[in-house]
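First, one chain by itself in C-alpha cells, the form predicted alone.
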C-alpha cells in the first residue's frame, strides 16, 4: 500500500516537473460530456434576413453577397449557433468561438488582444463578425489572408494558441455527443460529421449576423431623420472616409477590388507587416482591411492592434496624427505632406454623433444569435440577466442602471477599467441605481451586473 502511494507521488512529481520545463500549463476546464443543457426553439429561428432596399441596391451594384444572404438554411445556421458557443471546439474544453466574439460587442471582444487556451494572447485585435455576408469581396482577417469564410472559421479552431483543436479529435468529440446526431441530421439529412459540414454551419450562422435596424439604416430607408449634428457628421464621413468605408456597408474588404493596397498612415515603420507579411510584397506592408464600421461604438478598442481606446481617439488620429509614408493611401490621394483632415472641434462632435447612429441593438440582443447552452460559461453573457438597461452611454458624468428587480433581489454592480481592474463596486436591491463617475478618466470600461449565477456585461464609455 505504501509502495503504491509513493509510486503515485513520484509520477505526479514527474508530471509537474515536465510541465514546468515545457512552459506555462494550459488552463484545464473539464465539462460534462453533454456540455450542459441545450435550449433551442421547437421551430428554428429564421436566419435568412429581410434585406432592405438600400442594402439590396448596394449588393446588386457592387456584386457583394453573391447569394450568401439568400441561401442561409435555418437548420444549418442553428447547428452553427450551437457549435459557435460550444467549448468542445477547443482542445481543453475551456473556450469557444464566442469567448472572443461576444454578441454584446457585435461579436468582437472588448480587449486589446484575446487569450487562447494556453494563456498566450493573440497578436491582433479581435474583429467583429457582423455583416460579413454582404461585404465587398470575400477576403477575411485583418490581412485578407483567407479567401472564404469557411476557411476563416477553421483557422482559429486549428491555431495552436487559439482553440488548438485538431479536426479528427473534434469530430470524435462531437460524434460522442448525442445532441449533435440530431442537429447534423436536421441540417444535412444524415448525422455524418465532417470538417466541411462544421465549417459550413459556422459560416452560415456568421453570415446571418446582419445589422439592418440602426438609426442610420432607418434614415437610409426614409423612416426617420437624423439630427443636424448626425447629418453633418454623415456628410463629413462620406466626403472624407467613404473611399475606404463605402456606404452603406461602411467597409472595404477586397483591396484589389477597389484600390491596390495602401496603408492608412498609422506608422512609418511596421512591426506588423499586415498583408505584406504573407504575400511577400513590400508594397503591401502595413496594409490592413477597412472593416465595416457598423456597430463601431461597441467594438472598442480600435485598429488591428487595438491602439485606440475610444472613437474620439480614432477621429483625432485621422484629423491630426496621420503619418506620411510612401505606401499610404493618403499620400496617393492628398500628397506626401498629408498628416490629417484637420477637423474642427465641432466637426469631431458631428462625426462622433454619426458613428453612434450605426449601432443596431437588435444584433446585440436578438436571441437567435445568443448562447443556446446553459450550465457552461463561454463568455460573460452566458448566464444573461434580462431586462437591464444602462444609459446614457457614452456619458460624461453619470450612469443610470435600470434593473428588472420587482422582487428586490440583491445585485452586485462592478465597473472595471480597460486592464480589468476593479474601479467601482456597488450593491443594490432597488429598481434603479445611479452611479456617479467620480474621478474616473475618460475611456472604455466594463460594467458587470451580477446576481447569483446570472450576469450581464456592458461596455460603457466615459467621455
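Just so we're clear, the structure is a prediction, and the values are computed from it rather than from any experiment. Positions refer to the first chain, counted from 1.
Form predicted together with a small molecule: not shown, discussed below.
Checking 202-210, 363-371, 181-189, 219-227 against the small molecule in the predicted bound form, the stretch whose residues place heavy atoms within 4.5 Å of it is 202-210. Using a 4.5 Å cutoff between non-hydrogen atoms, residue 325 does not count as a contact of the small molecule in the predicted bound form. Heavy atoms of residue 231 never reach within 4.5 Å of the small molecule in the predicted bound form, leaving it off the interface. At least one heavy atom of residue 296 is located within 4.5 Å of the small molecule in the predicted bound form. In the predicted bound form, the small molecule lies farther than 4.5 Å from every heavy atom of residue 78. Just one of 72, 129, 275, 104 comes within 4.5 Å of the small molecule in the predicted bound form, counting any heavy atom, and that one is 129. Proximity to the small molecule in the predicted bound form, defined as a heavy atom within 4.5 Å, singles out one entry of 173, 145, 197, 348, which is 145.
At a distance of at most 4.5 angstroms from the small molecule in the predicted bound form, none of the three residues 248, 356 and 442 contributes a non-hydrogen atom. Look at residue 326 and residue 138: in the predicted bound form their Cα atoms come 3 Å or more closer than in this form. In comparison with the shown form, the Cα-Cα distance of residue 135 and residue 146 decreases by at least 3 angstroms in the predicted bound form.
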